[in-house]
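Only one chain is shown below, in C-alpha cells, and it's the form predicted on its own.
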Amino acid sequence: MSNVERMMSAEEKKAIEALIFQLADDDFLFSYRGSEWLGLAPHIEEDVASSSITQDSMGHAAMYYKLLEDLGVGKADDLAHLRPAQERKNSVLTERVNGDGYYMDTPQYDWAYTVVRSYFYTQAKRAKINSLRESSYEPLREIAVKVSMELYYHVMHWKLWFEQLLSSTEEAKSKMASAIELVVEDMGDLFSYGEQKESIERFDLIDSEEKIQNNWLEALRPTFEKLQLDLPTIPEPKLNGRNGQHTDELQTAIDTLSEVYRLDTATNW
C-alpha cells in the first residue's frame, strides 16, 4: 500500500502538508525571480540556460502543488496563485528582488546577487532533495528522484558562475563579496521548518534542520577552499518565512506573477 493510500494521523498529515508547502513555495518564488532575467542575462547563451533552469524549477513547484491537491488541500493552481503573502511558506531569500528597478521599466538588476543566491539556493535544495530520497513519505521520495536529475545540472551551472566571477576582476570580486553578504543575511529561514519543525523531523519526512545545513556547508567547502574564502555563517532569521513572516516584496511578486491567472481562474492557461 502506498503512502497516499495508507491511513495517516491528522498530525502526520499536517506535518506533510507543511513541508510540501515550504518546498513548493520556495521553488515557485525562486523560479519567478529567475524569470525576471529573461532577455536581460549577460549574454544570449546564459539567457537560454537560466531560462531553462527557471522552467525546471517552476515544474518542480508544480509537482509539489499537485501533491497538495492529491492530499485534498485545494486546487494546485489556486494554491500557487491565490494564497496571500501571509500564508506563504517560502524562505525570505527566494522573494527578494533581483535589484533596483522593475522588469517593465529600466531594471538595474544585480547579476552577482543572482549568481550567489542561485548557487546557495540550489545547493541547499540539493541537500534537501538528497534527504527526501529517504523520506518516510513515498510521494516525496518519488518527486526527489525526478528533481535530482535536473538539479545536478542547475548546481553545476551556478557553481561555475560563482567560481568564475570570484576568480575574475577586482570589480567582480567586490560585487560578489557584497552579494554573498546580502544573501547570507537572508538565509536564516532557508534551513528552518518553522513551527512544524518537531513533527516534520519526528515523522522522518526529511533530515533535521541542523543536518541539512551541515550537509550544505560540506557541499560548499571544496569550492570555498579553492577560492580561499571562509565558509558562511548562517544567522538567526530576522523574519521566518516558514511561519508566514515576509517582506513587502513578496506580495508585489505574487500580484505580478498571478495577474493573468486571476483574470479567469476557471480557464486552463
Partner chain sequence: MVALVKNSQNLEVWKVLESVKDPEIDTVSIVDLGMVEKVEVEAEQIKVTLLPTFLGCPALEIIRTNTKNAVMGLSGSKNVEVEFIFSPPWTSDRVTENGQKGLKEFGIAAPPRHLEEDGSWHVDCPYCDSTYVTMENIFGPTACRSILYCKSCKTPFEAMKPVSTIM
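Positions refer to the first chain, counted from 1. What you see is a predicted model; the values in this text were computed from it and never measured.
The form predicted together with the partner chain is left out here; the points below concern that form.
In terms of contact with the partner chain in the model of the complex, the residue from 243, 35, 214, 52 that brings a heavy atom within 4.5 Å is 52. The contact with the partner chain in the model of the complex, taken as any heavy atom within 4.5 Å, belongs to 157 out of 128, 81, 96, 157.
Of the heavy atoms in residue 63, some are within 4.5 Å of the partner chain in the model of the complex. Of the heavy atoms in residue 207, none are within 4.5 Å of the partner chain in the model of the complex. At the 4.5 Å threshold, heavy atoms of residue 42 stay clear of the partner chain in the model of the complex, well away from it. In the model of the complex, residue 104 stays away from the partner chain, with no heavy atom inside 4.5 Å. In short, of 167-175, 84-92, 195-203, 142-150 it is 142-150 that has heavy atoms within 4.5 Å of the partner chain in the model of the complex.
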